[in-house]
Every structure is written in C-alpha cells, then in structure tokens.
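Only one chain is shown below, in structure tokens, and it's the form predicted alone.
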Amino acid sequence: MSTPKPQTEQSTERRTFIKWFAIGWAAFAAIVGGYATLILRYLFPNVLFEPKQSFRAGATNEYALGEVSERFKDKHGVWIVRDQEKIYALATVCTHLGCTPNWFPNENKFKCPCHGSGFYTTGVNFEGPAPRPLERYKIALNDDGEIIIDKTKKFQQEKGEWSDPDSFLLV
C-alpha cells in the first residue's frame, strides 16, 4: 500500500495545480479576447472623412483682372484665374505625376517642381513631360452672387470640355 503523503506536500501540489490552472485560463482568455478584438476591428473598418467637394469662393469683384488667386491652393487645391473675359477654377494637380505646381507671377506661368512641367495661366501645358493641360472645376454663381466651386465635376481641355459653360464664368 502506498503511504499517504504528508499534509504539506498535498497542499503544495494542490496550490501549484490551482495556480497553473488559473494562469492557463487567463492566457486562454487573453488569446480569445485578442481574436475577438481582431474580429470586431474587421467588422467596423476605418471611415475616411474628406472635406466637402464644393465651397464658396467669394464675389467676382474680389479677383483682380489678369491675376491668379492662390487663396484656396492649400485648403481646397484650387487656383482661381480671372482674365479679360472669364473666371475659371484650375486644379492644382500636375497632369504628369500629380505634384502641385507653383505659380510664378513674374514669369506668368505655373511650374511643377517635380519634373519641370510648365503651364500657362489658362492651364495649357507648354513645357516638360505633362501630357495634357490642367483640369478645370465647375464654377457657378449662387443666388447671392457668390462664386461656388464644385470639385466633383472636372473639365478637360483635350476632350473639348473647356467650352462647357459650367467650366467658366463670364464677367
């Protein structure tokens, strides 16, 4: 017959068993919790909040004749140009690789810092690797006489869309 173990040895083994049992369940719960977190993260993906695609750009008399306004370049990615006959909104995205050209008033041109594409104030490309002119955005007047730019509608010169009345304002 086996001899019973002393009371201290039995309680030590029992305590050790209970301790490892609790550690095992805690590890199991942590792993299950981690997987549950991953599943919940999959069910609720990131939401991208973008700025509004249309904005108010002020009155027509705020834009000087023959000038390029850079007021909305950083916030909305738009230049507003006023020439003798009309006002139009140009996209600040180079048609080569998407860099943002700079406006050089002394040279009267837009120049892309990435690969040297040059654009006239009309947006037409004349130097560098840009394959086509800059795009124009829809421009209109609201009931209060304020200019509204709508970036959801683009006009491309090579498709003949610059003659569309929505691509410019007559002044």
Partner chain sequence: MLEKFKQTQFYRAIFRTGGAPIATHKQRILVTLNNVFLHLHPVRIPKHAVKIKYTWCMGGLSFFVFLVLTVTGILLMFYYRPTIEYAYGDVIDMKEQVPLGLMREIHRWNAHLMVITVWLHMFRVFMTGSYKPPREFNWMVGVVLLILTMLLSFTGYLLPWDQLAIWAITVGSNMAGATPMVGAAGPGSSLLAIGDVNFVHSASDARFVMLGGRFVGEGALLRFYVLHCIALPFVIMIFMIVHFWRIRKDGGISGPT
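Positions refer to the first chain, counted from 1. Keep in mind that this is a model prediction, so the values were computed, not measured. So that the term is clear: the rigid core is the largest set of C-alpha atoms that superpose within 1.5 Å between two forms.
The same protein has a further form, the form predicted together with the partner chain, not shown here; the description that follows concerns it.
Although the partner isn't part of this model, could you tell me whether Asp143 comes within 4.5 Å of the partner chain in the model of the complex, counting any heavy atom of the residue? Judged by the heavy-atom cut-off of 4.5 Å, Asp143 is well away from the partner chain in the model of the complex.
Consider Ala91 of the chain shown here, and say whether it contacts the partner chain in the model of the complex, taking contact as heavy atoms within 4.5 Å. Outside the cut-off, so no.
May I ask you to state whether His115 is within 4.5 Å of the partner chain in the model of the complex, using heavy atom distances? Yes, His115 is a contact residue.
Taking heavy atoms only, is Pro51 within 4.5 angstroms of the partner chain in the model of the complex? Pro51: contacts the partner chain in the model of the complex.
Neighbours of the partner chain in the model of the complex among 29-50 [non-hydrogen atom within 4.5 angstroms]: Residues within 4.5 Å: Leu43, Phe44, Pro45, Leu48, Glu50.
Aligning on the core only, does the CA of Leu141 end up 2 angstroms or more away between the shown form and the other one? The answer is no, as the C-alpha of Leu141 shifts between the shown form and the other one by less than 2 Å after core alignment.
2 Å or more on the CA of Arg56 between the shown form and the other one, with the rigid core superposed, yes or no? No, the C-alpha moves less than 2 Å.
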